[in-house]
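Heads up, the chain below is alone and in the form predicted alone; it's given as structure tokens.
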């Protein structure tokens, strides 16, 4: 869909993404353990809203609507009703209309769709916040919570770690069909961690990994699945991070930019978007992300672009196999050839098609409800030269985000255009 009424990203903010392996995460052995706690879901939500308002000098009384992307607040944090929670960030947000949006890992992306469509309906300034806290329970309990993003009745029994198992199923099928190896997939991990090492907001900012470490299973890199058919096809290094964090973007119409006092040159335009869903538990083709392909095709078509026009992208690399399948679904590589694109170096920071420049879900982290919002914020940051040590050193005009919920069941794709005047 191409917005009939132009929509702009006028401001953004991201909190640090933290969890196991991050020096700022309070866990046993940390010098602050027992003295202070990690931020709560409420604190992440309120912090990122205040950061956006303060960093960009935004008057919160101008915000007319808001959407909160969150998947499992009731489970991990025993807190729902998060639209009203965001209103606690600033007294001037009282009496605004805020609502929570849930679409598993695509919650943030669907929140962006809600905001875009609210602007089509006549609103001028709309806030989108995404947040998740996932470190409050042990891994197996958390895996059970996250399994709600699948068809729980039929897919939960596949493995205790249901979602890793679903993507391991895809990796197994792809390996058997195209000869993909664990070493091939390890290159995605190395790229992600290398980018995250340059990004101070990234969960894995301080963690380095070699190709040999990522390619080899062992005590340092265990195979976590119990399902004997799928166990060999997924290691910890193939998985995105269990992270806490939040992201926010402020969307505005042209009239909204005038109210905010923001120049178009300070903004990024939402040129078009695609939004598609398919039935839970009914994946038709393990070798292809069909829902992703449909959402991206819609966004690119309505933006008047081709896959080759994209200069920077944020794609949903919840597992290493997912980034490969994203390449093929977007149209950057033929089916079975996605690994060749990665090995060519084109999707590295130094390449002509950099993907997941801040580390993606594998390296930056994956607080589920925040991911889709963070993707849009990251493209904004790259286009406006705000990424510091991982900044792409050239002018960028066209960017793409792809935010996937479940096993390619809900997907939101955005084509973003840099405003230079």
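Residue numbers count along the first chain shown, from 1. Small disclaimer: the values here were computed from a predicted structure and weren't measured.
The form predicted in complex with acetoacetyl-coenzyme A is left out here; the points below concern that form.
- Although the partner is absent from this view, residue 319 contacts acetoacetyl-coenzyme A in the predicted complex, with a non-hydrogen atom inside 4.5 angstroms.
- Shown alone here, residue 208 lies farther than 4.5 Å from acetoacetyl-coenzyme A in the predicted complex, counting heavy atoms only.
- When acetoacetyl-coenzyme A is considered in the predicted complex, residue 93 lies well away from it, no heavy atom lying within 4.5 Å.
- For the chain shown alone, residue 78 is not a contact residue for acetoacetyl-coenzyme A in the predicted complex, no non-hydrogen atom being within 4.5 angstroms.
- Comment: 98-106 is the region of 114-122, 98-106, 244-252, 82-90 lying near acetoacetyl-coenzyme A in the predicted complex, near meaning a non-hydrogen atom within 4.5 Å.
- If you check acetoacetyl-coenzyme A in the predicted complex, you find a heavy atom from every one of 140, 149 and 164 within 4.5 Å.
- Note on contacts: among 236, 287, 297, 305, the single residue with a heavy atom within 4.5 Å of acetoacetyl-coenzyme A in the predicted complex is 236.
- Only one of 223, 136, 194, 269 lies close to acetoacetyl-coenzyme A in the predicted complex, with a heavy atom inside 4.5 Å, and it is 223.
- In the predicted complex, just one residue of 184-220 lies within 4.5 Å of acetoacetyl-coenzyme A by at least one heavy atom: 219.
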